[in-house]
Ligand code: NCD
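Read the single chain below, which is given as structure tokens and is the form predicted alone.
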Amino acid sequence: MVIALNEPLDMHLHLRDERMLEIVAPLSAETFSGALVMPNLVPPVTTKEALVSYRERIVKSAEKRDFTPYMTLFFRSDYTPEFLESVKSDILAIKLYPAGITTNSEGGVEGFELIELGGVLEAMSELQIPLCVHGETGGFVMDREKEFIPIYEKLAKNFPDLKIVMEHITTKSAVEALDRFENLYATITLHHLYITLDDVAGGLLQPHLFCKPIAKRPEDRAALLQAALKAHPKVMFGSDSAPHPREAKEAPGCAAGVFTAPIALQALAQLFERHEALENLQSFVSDNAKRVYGVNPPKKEVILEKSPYLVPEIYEGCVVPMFAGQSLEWRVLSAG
């Protein structure tokens, strides 16, 4: 069995910088036409100069493959309308992080009083710049996303012209919120379609499955699966592929992040076929994102074949992927 995917897009990707960027950028650029690149570097991407420089480093690391890095800025409450207008052509969205909630988010938003954020959000609405949000509170770890839903609702109501993307949703409550507000959208990761918290910590701790937001309950995974497999028109694939060196994962204070970029399409094909939904994979990994964001990525046809593929144990002696050393049922036959 063979399937073709046209212009696959990863609408939530961490490429890091320096040596890690050189390792992982070619792996995404090989099979994806483009990706929405997260700005939480150290320091975060908050200026036009940093934005342009980072994009240049990504393009160089992608090694002349047909791949568009769609750039984001790290949300700050003091951005002026004039500044936002000056960077509009350089970005696809702005990413909002609650302070300290995940990797390199210490400079994020401390509170969500709309009177403090309103000037930036109003300017973004007028300029039609989407807002991408890591939606977690600082509460009990299993409840953080659910507790954030009222904030999404407040944002959606107060800024009806602002396109709001709930990033890497993990709960049934987030899926349900999609249909209550016209301007709410979402990305779903590969790993949250496969795992629950039991896979992470039900037996021996699996550090390479530890991520933020943490995997949830079986009923939450079932809701995510239903939305993805039916290609809900407001849902897009965003891997949240988040590479860390092996020593940062297999250590006390394990870093949060699952590295899935090089095996994402193979594992998604396996999942969608098992659920008899292969006909919806194109919409989930490309068509919905093109429509929601209005992008026209480079032409790329990725041919996948139902044939065993052994996932590498490690890439460049540095970063361990999901399913390391395991066999997937699908492989990439060609991409170009």
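Sequential numbering from 1, following the sequence displayed. Keep in mind it's a predicted model, so treat the numbers as computed, not measured.
A second form of this protein, the form predicted together with the ligand, is not displayed here; the remarks below concern that form.
S.K.: Where does the ligand sit in the model of the complex: which of 262-270, 101-109, 215-223, 180-188, heavy atoms within 4.5 Å?
M.R.: Heavy-atom contact with the partner occurs in 101-109.
S.K.: Going by a heavy atom distance of 4.5 Å, is residue 211 a contact of the ligand in the model of the complex?
M.R.: Yes, residue 211 lies within 4.5 Å of the ligand in the model of the complex.
S.K.: May I ask you to state whether residue 33 is within 4.5 Å of the ligand in the model of the complex, using heavy atom distances?
M.R.: Flag for residue 33 set to no.
S.K.: Please run the contact check for residue 257 against the ligand in the model of the complex: heavy atoms, 4.5 angstroms, yes or no?
M.R.: Close contact exists here: in the model of the complex, residue 257 approaches the ligand to within 4.5 Å, heavy atoms only.
S.K.: May I ask you to check whether residue 288 falls inside a 4.5 Å heavy atom distance of the ligand in the model of the complex?
M.R.: Residue 288: no, not in contact with the ligand in the model of the complex.
S.K.: Just give me the single entry in 169, 236, 242, 132 that has a non-hydrogen atom within 4.5 angstroms of the ligand in the model of the complex.
M.R.: Exactly one listed residue reaches within 4.5 Å, namely 242.
S.K.: Which residues from 17-52 come close to the ligand in the model of the complex, meaning a heavy atom within 4.5 Å?
M.R.: Contacting residue: only 40.
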